[in-house]
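Quick heads-up: it's one chain on its own, the form predicted alone, in structure tokens.
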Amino acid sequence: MVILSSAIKGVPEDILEAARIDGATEIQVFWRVIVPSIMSSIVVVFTTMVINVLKVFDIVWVMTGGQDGTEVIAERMIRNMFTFRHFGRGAAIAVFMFIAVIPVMYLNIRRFRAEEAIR
């Protein structure tokens, strides 16, 4: 939230004022001016959140130990590898988690390259 808030506050006031003078409504200003201006911050926050969701293992393990239906994908990977000794299943889950992060990383790299090309 702090990153998105600071990104929104970093949008130049001149651009917002120009959009309003051109007759854009506040919704149009938001979707057509603010969101494209902060897209790099949105991608960074999205990437961070996806990675955090996939590795939320520590909180679930410490609080509940995976009991009472609180199992998450990273906890299942650890349980398969080290408790049940199903190394193949645990490795398959790890590969799945890696493959799930690749599209997000691709978006991030593409956005950073586009920003570098502008600079």
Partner chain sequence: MTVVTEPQVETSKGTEGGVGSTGSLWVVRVIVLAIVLIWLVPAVGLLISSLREPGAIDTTGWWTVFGSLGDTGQWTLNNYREVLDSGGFANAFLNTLIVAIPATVMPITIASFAAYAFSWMDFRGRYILFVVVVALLVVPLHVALIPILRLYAGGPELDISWMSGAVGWLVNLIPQVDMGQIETVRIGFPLQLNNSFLGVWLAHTGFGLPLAIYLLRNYIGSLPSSVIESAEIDGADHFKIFTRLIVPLSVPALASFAIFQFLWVFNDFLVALVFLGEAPQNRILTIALNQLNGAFGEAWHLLTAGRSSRWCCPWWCSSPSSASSSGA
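This one's a predicted model, so the numbers in the text were calculated from it and none came from an experiment. Positions refer to the first chain, counted from 1. Rigid core (definition): largest C-alpha set, two forms, superposition within 1.5 Å.
Another form, the form predicted together with the partner chain, is not on view; read the next lines as being about it.
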query	finding
Contact check for Val60, Val62 and Ala92 against the partner chain in the predicted bound form, heavy atom at 4.5 Å	no
Non-hydrogen atom contact Gln28 with the partner chain in the predicted bound form at 4.5 angstroms	no
Contact label in the predicted bound form: Thr70 to the partner chain, heavy atom within 4.5 Å	no
Touches the partner chain in the predicted bound form: Phe84 (any heavy atom, 4.5 Å)	no
Lys55: touches the partner chain in the predicted bound form, heavy atom cutoff 4.5 angstroms	yes
Contacts with the partner chain in the predicted bound form, stretch 42-70 (heavy atom within 4.5 Å)	Val43, Val44, Thr47, Thr48, Ile51, Leu54, Lys55, Phe57
Flag for Asn52, CA shift 2 Å or larger between this form and the one not shown after aligning core	no
Did Met81 shift 2 Å or more between this form and the one not shown, C-alpha, core superposed	yes
